[in-house]
Each structure stands twice: as structure tokens, then as C-alpha cells.
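What follows is a single chain, given as C-alpha cells, in the form predicted on its own.
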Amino acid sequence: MELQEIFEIFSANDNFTILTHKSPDGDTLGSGFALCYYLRSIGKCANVLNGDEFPGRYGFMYEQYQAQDFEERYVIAVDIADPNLIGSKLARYQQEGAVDLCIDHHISNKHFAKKTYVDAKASAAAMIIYEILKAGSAKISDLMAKCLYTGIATDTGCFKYENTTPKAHLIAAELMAYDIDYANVNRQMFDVKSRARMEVEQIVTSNMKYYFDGKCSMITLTKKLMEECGADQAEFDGLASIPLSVEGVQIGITVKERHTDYYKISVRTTDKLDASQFCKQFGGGGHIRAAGCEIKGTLEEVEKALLDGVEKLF
């Protein structure tokens, strides 16, 4: 598909539902809300849906947002590579043919929608949304620009991850020309942490485990730990980068308990290993340096399965 073709879809349809992935991050929400605000600005009806609650740290994106009442006619998924990432609370959209258009930047995208646009070279889905709007000469508001900038900044780790491209910097620079208070966005996204989050970091860091001569590190977040610290789910964004920050580590794994015997796995790797291929063996995927999956079983079973997979790498 061409960017202009996608833009014309926006004009030709109405009553949009925009799906964002569960455990939402800045990119899926930034892409979803920016697109929603654009569609509403041209007189369309549009809502953003998520199986989980919108995290409070992204409140600036949705403080002006109110869901509209309409009969859904067109469904768009943003930053969703796999229908399972939509979540069980929105299971009706996981069915074949339920999603009309998917806009994504993950090379592992499973092409579950009727139409799919994937740019695996894009640092963030927000970059693609921006390029689509630019292709149609759309008017971009300050709020839309702020959402898109947040998506790019968060998915590139404030422009320090390996997925950061020259184009990411160029688009970010264009968005910075809007009134978006980008310095405060970056501070809120990367520097400000709640006391509960700091306590979690202290605990998981002190209990970090090392394997294979220090080339693999792993941290574990149980529901009990998260409840004892009094932090909500959004407080745990970014923890996946901690294991890889240790000198000598080539693969860092974060194991987070979602439900009893059900764990979300986040994997980060150096340039020596492919995180997406590693997660693929567990039914997941993502990017070369950052990927994820979900595994059922006891914590001991999950850790063993992951370490068996790491052993194959080494």
C-alpha cells in the first residue's frame, strides 16, 4: 500500500475504532490518539480502544478525549503485530476479518488485518502515522504533534536505542516545531519515577540473576511484589532495559507475572543476538534488539524454558 492510499481510506470511511495494544506504551497510544484527533478534525467519528486502562502517565494525550457514541464501521489497529496483543477483553477483534487496516512497524507482523501497512525500518508506528498525514497534506494540531513525538521518543528510548534512524531525528525535529513542550515530555517519560517505581527497581536490581558467564541476566516481577510496592501496571514501563544495562550482558530478560501461571516476557539484546528470533520460538516477536512473548506455566517452568532457549543461542 502507498501512504496516499491509506490517507484516502481515512477520507472514504467513517465511524472508526482505533485499536491499541494491551499494556499500552507511548507509541501505540501516541499513534492511536493522534490518528483519532485527526479523524475527528475532519468531521469523522473515531474512538480509541484498549483492553487495559490508559496509563496515567500519558494523561496529556487523552485529557481532552471523550468517547463518542456511534455504530462502528471501520477498524484500524496501530502498532499491533499480532491479534493476541489486542487482549482478551477485546477478543471480538481477534477474530479473522475483524480488523480492516493495520498500521505497524514490527517485522514480525502476522498480517491479520484485511489490509496491512508495515514499515519495519520505521523507529515507531507514530512515524508512519505522521508520514501518512503529511502525504495527504493534513493539518496537524499541537496535540497531535505531541502524541506523535511521544510515540517516537518512547520507542527509541529518547533516541538512544539502535532502532533510532536519521529519519526519526528529522521527523522529531519537525514535530518539535509545534507547541508541544518536548522537554517536559521527555522528563515525564524518562526521568520522573514514582516512589513505588523506585522501590521496585531497587528490589529487582538486587535480585537480578546472571547466567552463562554473565552474558544473560534476568529480573522477575511477580504480582505479589507489584502489589506490595503499591504501583500500578504503567509504573513498570521501561524496566526491560535494566538487565541489559549490566556490563557484559548480551541478552536481558524481564519476566512479569500477568496472571497465575501466565507471564509476559520482554527481551533486550546487544548487536550480537536477535531478540525477535529468540521470542519467536515462544510464539512472540518484535524487533531485532527488543521483542517479547507470553509463556504459560509456573515461574520455575517459565524461567527454565527461557534459559533453555538462551543456551541454544550460546
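These numbers were taken from a predicted model, which means no experiment stands behind them. In this text, rigid core is short for the largest set of C-alphas that superpose within 1.5 Å between two forms. Residue positions are given as counts along the sequence shown, with the first one as 1.
FYI, the form predicted together with another copy of the chain isn't displayed, but the following is about it.
Student: So in the predicted complex, are F159, H169 and S206 all sitting within 4.5 Å of another copy of the chain, heavy atoms only?
Tutor: Every residue of the candidate spot has a heavy atom within 4.5 Å of another copy of the chain in the predicted complex.
Student: Please determine whether N184 contacts another copy of the chain in the predicted complex, using a 4.5 Å cut-off between heavy atoms.
Tutor: N184: contacts another copy of the chain in the predicted complex.
Student: Would you please decide whether R195 lies within 4.5 angstroms of another copy of the chain in the predicted complex, comparing each non-hydrogen atom pair?
Tutor: Within the cut-off, so yes.
Student: Does Y149 reach another copy of the chain in the predicted complex, with heavy atoms at most 4.5 Å apart?
Tutor: Yes, contact at 4.5 Å.
Student: Though only this chain appears here, would V246 touch another copy of the chain in the predicted complex if you measure heavy atom gaps against 4.5 Å?
Tutor: It does: once another copy of the chain is placed as it appears in the predicted complex, V246 has a heavy atom within 4.5 Å of it.
Student: Sort through T220, N84, T164, T116 and report the residue having a heavy atom within 4.5 Å of another copy of the chain in the predicted complex.
Tutor: The option sitting close enough to the partner is T164.
Student: Could you check which residue among D142, D191, E96, E227 gets a heavy atom within 4.5 Å of another copy of the chain in the predicted complex?
Tutor: Looking at the other structure, the residue within range turns out to be D191.
Student: Heavy atoms within 4.5 Å of another copy of the chain in the predicted complex: which stretch among 45-53, 60-68, 263-271, 26-34?
Tutor: Single hit among the candidates: 263-271.
Student: Checking E96 here: with the core superposed, does its CA move 2 Å or more between the shown form and the other one?
Tutor: No; that C-alpha moves by less than 2 Å between the shown form and the other one.
Student: Align both forms on the core first, then report whether F212 has a C-alpha shift of 2 Å or more between the shown form and the other one.
Tutor: Yes; that C-alpha moves by at least 2 Å between the shown form and the other one.
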